[in-house]
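Before any questions on binding or motion, here is one chain by itself as structure tokens, the form predicted on its own.
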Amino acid sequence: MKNPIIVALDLPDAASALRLAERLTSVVGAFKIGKELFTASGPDIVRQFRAAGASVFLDLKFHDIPHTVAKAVEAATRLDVQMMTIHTSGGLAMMQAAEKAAQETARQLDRPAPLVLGVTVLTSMDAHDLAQTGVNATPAEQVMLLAQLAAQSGLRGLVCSPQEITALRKVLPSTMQLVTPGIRPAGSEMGDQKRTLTPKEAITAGANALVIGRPITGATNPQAAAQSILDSLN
């Protein structure tokens, strides 16, 4: 991606998302379609974005038995998304099945395989939150464990907190793509994010792409907000 900004379109309907995307297309690299928008609008919203030439990051965080996840990845690949997410906590076999499905389906369609991104630890979670789920590790330790398992499975990308990028870059293959949510420009409200960096800090640390939602979508002028973030990276 020449432009590393991915805008999180956490909006309730297709019309709102498409209107906002039209304003932002020239200043961002891709659009993230998550659970709210996809549930409200269905696969058609992806088709509309792709018909307009926009790159799509489908963030549904698949997590199920390997066969079911593989079939979901196959369906997403047929929708022609450029990125999608699965939970690394689904295990090695599940991740292997997901990557295989993406590669084989893309080969059948004669198009590049989408990047299947493994989600490690949600950026809204800290050590206390992990402990409540029975994980007696710090977020950094759990991210490292799951990231290395993802690399072993053949996944080519991860979603991780910007605060873990430097450590991950020391142990993962250099080709591993790191996509980071929890990005907050200087002066922005933290919201429900607990482990954040500014856009410039995240890119300097080694992030390949930045997922940014409310600092852009909630701005009075979303296009100007996105442009300002892009300018800060130069």
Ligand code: C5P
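Everything numeric here is computed off the predicted structure, so don't read it as measured data. So that there is no doubt, residue numbering starts at 1 and follows the sequence shown.
Omitted from view is the form predicted together with the ligand, to which the following refers.
- When you look in the predicted bound form, the only residue of S153, Q82, T123, Q142 with a non-hydrogen atom within 4.5 Å of the ligand is T123.
- Partner contacts here mean any heavy atom within 4.5 Å of the ligand in the predicted bound form, and among 176-184, 199-207, 65-73, 47-55 they occur only in 176-184.
- Looking at R214, you'd find a heavy atom of it within 4.5 angstroms of the ligand in the predicted bound form.
- When contacts are judged by a 4.5 Å heavy atom cut-off, A8 counts as touching the ligand in the predicted bound form.
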